[in-house]
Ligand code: HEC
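One chain comes next, on its own, written out as structure tokens in the form predicted on its own.
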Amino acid sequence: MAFKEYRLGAAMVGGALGLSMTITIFMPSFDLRSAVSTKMALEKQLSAGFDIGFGYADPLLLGINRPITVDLETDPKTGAKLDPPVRAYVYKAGVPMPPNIRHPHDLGKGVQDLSESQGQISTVSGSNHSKGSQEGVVFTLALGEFNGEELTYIENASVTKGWTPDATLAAAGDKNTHLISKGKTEFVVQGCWWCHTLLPEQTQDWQAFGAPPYLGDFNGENPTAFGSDRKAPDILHVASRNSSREWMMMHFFNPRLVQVNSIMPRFDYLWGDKDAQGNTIDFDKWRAEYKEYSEGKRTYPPEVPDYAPDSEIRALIDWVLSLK
């Protein structure tokens, strides 16, 4: 009798485990496929591209073959002033398309309809394979109405406006160019997700970290960067709390410059060997001067060097400042 009870108990535990796994893994897939992409989801997927982790297009995680995000103050084709400025996502020839351009049905009802009918995303050449568009393409976001509801959708500005990747990058200039995709890869490579989440919870989190995300905020994100543990603040909306590039530079170079008791490691090595002026960065001298400052022998800490345009830290800060 005891053996039968043991078998019954084991079967019940197994059944409960199987049911919980079904609820956890299988059933949400229906919601994910039916969820309508929010503006946040569209911004994330267009700025990040096909994927930001290990992949065939960037096997060494160097941030190559990635889209470039720009803010346009003038029309790349006509030169007319754009007021307000327009954010555009530039995919050079050969850069893989983001997931929801390759699979528009994942955009959700309404957003897919508007993106295909008004946004002309189905005209992107090469969107169904990994080689990307043969000529390159520029995407923007637009507002449209579907069944009485206002929705944000993707617009193929290369077709609707005649914007080409080269002209768009030239019109933006380096000042208004953001390496968000490469920066998100840096977030993964440097292990930032071990301490920082990108997932405010349905608790009092919203008072400090901003509103929790919706299901549709994750459409097309590959991989989804929820984070692993929260030893440090959630950063999903961090740029809404602090958008200072100078503060971010100090924080990454040496977190103790802005938070005396911070346990975050230094990321000064992401500056590389040269600063913005091409001068060699003397890290030993900087650290010696900072030690004097921390011991009270200097009134002010040493200046953090400006980063070079092609440095890894530039990309990481570009991505952090996109989190709003």
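Throughout, we count residues from 1 along the sequence that is shown. These numbers were taken from a predicted model, which means no experiment stands behind them.
Beyond the structure shown, there is the form predicted in complex with the ligand, which is absent from this document and is the topic of what follows.
> Exactly one of 232, 141, 250, 72 has a non-hydrogen atom within 4.5 Å of the ligand in the predicted bound form; which residue is it?
Contact with the ligand in the predicted bound form is made by 232 alone.
> Could you work out which of 55, 63, 272, 255 is the residue within 4.5 angstroms of the ligand in the predicted bound form, going by heavy atoms?
The residue in contact is 255.
> For the three residues 190, 265 and 316, which mark the spot I'm curious about, does each lie within 4.5 Å of the ligand in the predicted bound form through at least one heavy atom?
The answer is yes; 190, 265 and 316 each reach the ligand.
> The chain here is shown without the ligand. Which stretch in 97-105, 166-174, 234-242, 153-161 comes within 4.5 angstroms of it in the predicted bound form, by heavy atom distance?
Result for this chain: 234-242.
> So in the predicted bound form, does any heavy atom of residue 82 sit within 4.5 Å of the ligand?
No.
> Does at least one non-hydrogen atom of residue 178 fall within 4.5 angstroms of the ligand in the predicted bound form?
Judged by the heavy-atom cut-off of 4.5 Å, residue 178 is well away from the ligand in the predicted bound form.
> Is residue 182 one of the residues lying within 4.5 Å of the ligand in the predicted bound form, judged by heavy atom distances?
No - in the predicted bound form, heavy atoms of residue 182 and the ligand never come within 4.5 Å of each other.
> Quick check on residue 279: any heavy atom within 4.5 Å of the ligand in the predicted bound form?
No, residue 279 is distant from the partner.
> Mind listing which residues of 206-227 have a heavy atom within 4.5 Å of the ligand in the predicted bound form?
Contacts from 206-227: none.
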